[in-house]
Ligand code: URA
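First, one chain by itself in structure tokens, the form predicted on its own.
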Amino acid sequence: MEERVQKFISQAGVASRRKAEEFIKSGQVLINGRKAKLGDKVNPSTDIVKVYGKTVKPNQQLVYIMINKPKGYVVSKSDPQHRKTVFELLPEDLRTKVWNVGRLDADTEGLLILTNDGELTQELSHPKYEHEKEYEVSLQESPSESQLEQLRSGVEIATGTTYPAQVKQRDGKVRITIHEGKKRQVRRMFTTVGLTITNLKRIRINKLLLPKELPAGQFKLISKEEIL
């Protein structure tokens, strides 16, 4: 059965579908020796696909990891500023197999998903699927009901007006659930309504909840079903 070459590459665990499309556009993907174009289809049983000269093998075992990202770590395979990266928290045999789904800032902690499943990456990253992300927020000030209501209704940040959010207080902290993924969105939202975040932790992505017993810097192998 034929399928689009970028889908084949992502399902083989080489890269996310978006990254696979970048490889194709830059001429780094060959199908049976010729340069691939976006929209080209391949038969995994008979066609030979190469990315940067390496043959892509179909049906690579898919890996799903949840990691409790500590503060001070960047979500990147390497960092020009030589900061610690979350991939350093993995055994060497896993580091090269997976990539991150979404990001967390260096000063934000909590739940991060790593995988080599391109389809899952596409679904969790695309806004149209509206997968929820829940954060636990510690604040310098006590928020007023008016400020919380602004967050619930949507506020204006540099990238536009945010969608309505679920916001509640629990044990002296605020929990906010969004389904967008704009850069530093939660921090910008709280700053806009006049609140200062002292600690930000992501505790849930879709139905995957960060276990309280998973210490910062530790990871756990999970299944796709635990996420979706």
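Every value quoted in this text rests on a predicted model; they were computed, and no experiment measured them. Sequential numbering from 1, following the sequence displayed.
Missing here is the form predicted together with uracil; even so, the following discussion is about that form.
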(message) Taking any heavy atom pair closer than or equal to 4.5 Å as contact, tell me whether L124 reaches uracil in the model of the complex.
(response) no
key: Close approach of L104 to uracil in the model of the complex, 4.5 Å, heavy atom   = yes
| query | So, in the model of the complex, is Q150 in contact with uracil at a 4.5 angstroms heavy atom limit? | reply | no
Subject >> Contact of T108 with uracil in the model of the complex (heavy atom, 4.5 Å) >> reply: yes
The listed residue (V186, V56, A165, A36) that reaches within 4.5 Å of uracil in the model of the complex by any heavy atom is V186
Testing 46-54, 22-30, 155-163, 178-186 against uracil in the model of the complex with a 4.5 Å heavy atom criterion leaves exactly one stretch, namely 178-186
